[in-house]
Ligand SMILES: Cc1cc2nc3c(=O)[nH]c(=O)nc-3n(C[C@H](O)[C@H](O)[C@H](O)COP(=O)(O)OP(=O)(O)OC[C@H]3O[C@@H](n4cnc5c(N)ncnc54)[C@H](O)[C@@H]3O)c2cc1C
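We begin with a single chain expressed as structure tokens, specifically the form predicted on its own.
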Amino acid sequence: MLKATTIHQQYEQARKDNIRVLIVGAGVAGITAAQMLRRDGRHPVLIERNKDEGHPGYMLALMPMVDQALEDLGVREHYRQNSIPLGRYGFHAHTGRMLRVDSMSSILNRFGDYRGIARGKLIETLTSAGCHVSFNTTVTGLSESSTGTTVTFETGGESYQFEFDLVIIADGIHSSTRDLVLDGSTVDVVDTNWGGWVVWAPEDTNMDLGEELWGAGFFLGVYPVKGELGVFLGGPRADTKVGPTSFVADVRRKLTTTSPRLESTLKAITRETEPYYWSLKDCRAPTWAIGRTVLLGDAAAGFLPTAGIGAGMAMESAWVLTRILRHAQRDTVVSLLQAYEKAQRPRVEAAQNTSRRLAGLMFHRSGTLAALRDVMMRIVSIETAIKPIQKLLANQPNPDRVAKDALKRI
């Protein structure tokens, strides 16, 4: 449970620690990092720009790179109770016919859990022991000196300043705090020019089966979580401007084959009065560690949803960072942040590259290209498509070794 707390109350605890830590952003990455540090006995200040918990979120398929973080936080069983196993992946031709169903369990179970969970339920899981956060609070200034980083906050129309030894920026893909530390450096952005609606549909009898339909000018994904189905329907943003009802009608005209599940999900999109619209863009920051400040999660590398790995990599990164920080003192923070970026950035960007490549394959208007893609997907299994991710899972990071090696070089 997120517990609203004033920034003054949080800082009063943080200032007693050997390292005074600020975490900007109470999303998946920020909360994971905060809870890991608290589990280690520290008292990071966690702030969130929204006035409350905000939008409840969407569906997530979490791969086994999250398992170690959940284990260290002591919430693994809570996670399993709030999620469901994803055993199969179904791929539809652009006309709607199911082309193939692959076993996800045979691919991923040797590494750990692969499960579907609603974002709200994941936040609930991560904060089950309680999580103090200061809502309606933003960073308006950062000034680093030899003694620490002075941070200027605005909350409730008032401005405050506190000094920290470490600032973790985890306020999302559109991070405003990131701009304060990059000093004009350009963030690499891939804009697919596609977007779509996220809604919930009733659960059915195939709750271990995730499905995707890569259409000509549209994409439909159905992802089970506990008790319901998460649905995404999108297309070129120029086409989705007509609204969900008209866009669904256009999708129906393109389908020659359908199924009870596809019908249910399309109806759910038209019935939702205010569906959440998601513009499909990603970002890649040119550097993560800047002095005593570090970018984390989507603020460092925001993912397209095409490989279903963004949230998992954000949690893994939070785990790696905070495990490295177990070895930190005030005079070693800068070196350890640099070591963290050197170790973790290649993993994150390898996963992000997979998402980008899949986006280039999925998002097409051409019926001819869609038909050729169908032919290819009859041959190429999901195991082949996610080979780079399997390599990441097979080679787990070792944050303690990273920290020890970095400290030897100081």
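From 1 onward, residues are counted along the sequence shown. Note that the coordinates shown come from a computational prediction; the quantities given were computed from them, not determined experimentally.
One more form of this protein, predicted in complex with the named molecule, exists but is not displayed; see below.
Open item on the list: Whether Leu22 contacts the named molecule in the model of the complex should be assessed with a 4.5 Å heavy atom distance threshold; does it?
Closed with: Leu22: no contact with the named molecule in the model of the complex.
Open item on the list: So in the model of the complex, is the named molecule close enough to Leu337 to count as touching (4.5 Å, heavy atoms)?
Closed with: So Leu337 does not count as contacting the named molecule.
Task: the named molecule contact at Ala34 in the model of the complex, heavy atom, 4.5 Å - done: Outside the cut-off, so no.
Task: Exercise: Glu316 in contact with the named molecule in the model of the complex, heavy atom 4.5 Å - done: Contact with the named molecule, no.
Task: Option touching the named molecule, based on a heavy atom within 4.5 Å in the model of the complex, out of Val251, Val151, Leu325, Val198 - done: The residue from Val251, Val151, Leu325, Val198 that makes the contact is Val198.
Task: One stretch from 325-333, 294-302, 75-83, 182-190 that, in the model of the complex, holds residues within 4.5 Å of the named molecule by heavy atom - done: Heavy atoms within 4.5 Å of the named molecule in the model of the complex occur in 294-302.
Task: Stretch 170-184 - residues with a heavy atom within 4.5 Å of the named molecule in the model of the complex - done: Read in sequence order, the residues that approach the named molecule (within 4.5 Å, in the model of the complex) are Ala170, Asp171, Gly172, Ser176, Thr177.
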